[in-house]
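Form predicted on its own, single chain, as structure tokens, below.
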Amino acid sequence: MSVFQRLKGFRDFLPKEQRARREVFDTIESVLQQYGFREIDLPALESLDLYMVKSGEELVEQTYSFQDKGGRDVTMTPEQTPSRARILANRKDLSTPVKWYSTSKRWRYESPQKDRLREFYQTDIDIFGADSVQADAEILAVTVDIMEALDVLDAVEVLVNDRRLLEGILATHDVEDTEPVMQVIDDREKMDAGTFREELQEAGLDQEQAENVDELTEIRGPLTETFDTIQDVAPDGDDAEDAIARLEELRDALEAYGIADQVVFDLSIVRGLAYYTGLVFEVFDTEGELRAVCGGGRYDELVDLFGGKQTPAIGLAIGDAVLEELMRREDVWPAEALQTDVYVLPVSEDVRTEVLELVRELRSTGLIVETDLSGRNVGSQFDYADTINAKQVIVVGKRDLENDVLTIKDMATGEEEQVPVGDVTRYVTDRLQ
């Protein structure tokens, strides 16, 4: 019989690997909790129609979609923003602003690559019901703080733009159908200048227009220093003027947060999904080797499309695959090693009762405690304790119990000490603090 292999684009995580990943997720979520974001949990399966409302055909084609036994067209969740918009459209009792996050699996049917998988983890973060620049600033601030908490802030840059500004600029250059042009601009970093101009012409621009768009989308610089340039190219019109005003207010808010120097204006940032309505941003590694580490933007019309009232919103998504590549490259990925505080080693079967009583007492203090489950001899148990990275081993033997002492071995130093039975828990906890 052949041995089954896992599907392409999917991953197995054994305990050592998953412990490191859990540390990363916990770090991200601890920052979110400091900002008052609340955790939610949503279905892994949704109606396919949910993603056909506004996400665009490209996303729908990348989904794991099928008919269930009831004949309904369903899809495995590729992202959570439409699911959250569905909730907001149906729930009238939620006080705004609603600040939610969730870390869970997502699925997309794409060609598997090192940093692009068919099943992956993603942390989605949203603020619903706040149209202020302060909400935009908070999303960017939490993004910067997450990067700092993960120890990769010096290796990334946060790039921002406003789609309304870019669309207005394209209109002034007689670009009538902006959508295909915006899609080409979204992939700009993947092409050289010649290929980029060719793709723009295939999207409907003439040579002069393509050259102008190429030149315009090179506008880039610290948000604190580029306002003269932005205003020079900004067209007349309410949308563009509002975009400029919001970017200026955003700059001031980010300066108050102390992170303005971390944010760069880049007119080529688009974000591919069609539901973004204003501010968009992406985080890239400074060496340009990886896809976007994370990104997001404002989507003020999405809830309305699902039958709810007009609800402004802004969000952020952090996928685990690119983030892991970046952290490994920067040598800050957590150690993939098991963690065990104490291993309680029975020398013989006739001390099992005392061993289990001690295990229960130690676990009640919050320690990670293991003991023998397989009837191993003493040497094999010490080997096992070493494989699970036990910090302390408590040896429980009949003769020691008769003398009211137990032997405790520090696995890092190899030192052993005999401790009165009644003092064992305190002794161990003191040394593990």
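Don't overthink the numbering: it's just position in the shown sequence, from 1. Please read these numbers as outputs of a predicted model, since none were measured by experiment.
The following text describes the form predicted in complex with a further copy of the same chain, which does not appear among the structures shown.
Trainee: Using a 4.5 angstroms cut-off on non-hydrogen atoms, would residue 420 count as touching a further copy of the same chain in the model of the complex?
Mentor: No, residue 420 stays farther than 4.5 Å from a further copy of the same chain in the model of the complex.
Trainee: If you check in the model of the complex, is residue 369 within 4.5 Å of a further copy of the same chain, heavy atoms only?
Mentor: Heavy-atom contact with a further copy of the same chain at 4.5 Å: present for residue 369.
Trainee: Indicate whether residue 433 is a 4.5 Å heavy atom neighbour of a further copy of the same chain in the model of the complex.
Mentor: Flag for residue 433 set to no.
Trainee: Check whether residue 300 has any heavy atom within 4.5 Å of a heavy atom of a further copy of the same chain in the model of the complex, and answer yes or no.
Mentor: Output for residue 300 is no: heavy atoms all beyond 4.5 Å of a further copy of the same chain.
Trainee: Considering non-hydrogen atoms and a 4.5 Å limit, which listed residue (175, 74, 244, 317) is close to a further copy of the same chain in the model of the complex?
Mentor: Looking at 175, 74, 244, 317 one by one, just 74 meets the 4.5 Å heavy-atom criterion.
Trainee: Give me the residue from 116, 220, 329, 352 that has a heavy atom within 4.5 Å of a further copy of the same chain in the model of the complex.
Mentor: Partner contact (heavy atom, 4.5 Å) among the options: 352.
Trainee: Report the stretch among 234-242, 117-125, 220-228, 204-212 that approaches a further copy of the same chain in the model of the complex to within 4.5 Å, counting heavy atoms only.
Mentor: Heavy-atom contact with the partner occurs in 117-125.
Trainee: Going through 78-111 from first to last, which residues have a non-hydrogen atom within 4.5 Å of a further copy of the same chain in the model of the complex?
Mentor: Heavy-atom contacts within 4.5 Å come from 86, 87, 89, 90, 91, 94, 95, 96, 97, 99, 100, 105, 107, 109.
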